[in-house]
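This document starts with one chain, in the form predicted on its own, laid out as structure tokens.
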């Protein structure tokens, strides 16, 4: 009976330790350089742009950097393309409709096929991608790098703490999200290539 109690107490202590090891990383970059690159490569035109209004939080256990949960949020109005008329159309009601749907999000649901290599982890991340009010479950390849104590290097000594860097490349179809499905395909590709490399920070006193 005493032996059983010791096992239960030890298990509880280990569970508490495991929970304490999770670190919450803020994706709102203090340097303001986090961005997402998107490309629509159609037969007549190739359109590339960026989005830098990134926020959200992810939680990671540094011992298992391939295990991650959280949500990435992009301010739809921060999507930018070089041509001002294209910019206006892209954010308008017939395309992204940034006024009515101000956020583009990816909420992590499950991590598949994780592989750990030191402070790096790779995996296929299943989550819910929401654009223009439409949510679809997608799976994307991701690489997560944990950089303990490197927040100071990124902020020129202004902040102390840890960093995490998330990288992924994936595709979505604009037609799947109710954005002019089947229209203007010669000039605006249905396939959108998305490249993301963002740093999250966990400041320490």
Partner chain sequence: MKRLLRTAAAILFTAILIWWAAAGMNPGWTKTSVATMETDPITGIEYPVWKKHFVPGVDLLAAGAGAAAILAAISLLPIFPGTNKNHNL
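All values reported here derive from a predicted model rather than from experimental measurement. Positions refer to the first chain, counted from 1.
The discussion below concerns the form predicted together with its partner chain, not included here.
- The stretch among 173-181, 54-62, 33-41, 135-143 whose residues place heavy atoms within 4.5 Å of its partner chain in the predicted bound form is 33-41.
- The closest heavy atom approach of residue 202 to its partner chain in the predicted bound form falls outside 4.5 Å.
- The shortest heavy atom separation between residue 45 and its partner chain in the predicted bound form is within 4.5 Å.
- None of the heavy atoms of residue 118 is located within 4.5 Å of its partner chain in the predicted bound form.
- When contacts are judged by a 4.5 Å heavy atom cut-off, residue 113 does not count as touching its partner chain in the predicted bound form.
- Site residues 100, 104 and 159 are none of them in contact with its partner chain in the predicted bound form, judged by any heavy atom within 4.5 Å.
- Along 143-162, residues 147, 150, 153, 154 each place a heavy atom within 4.5 Å of its partner chain in the predicted bound form.
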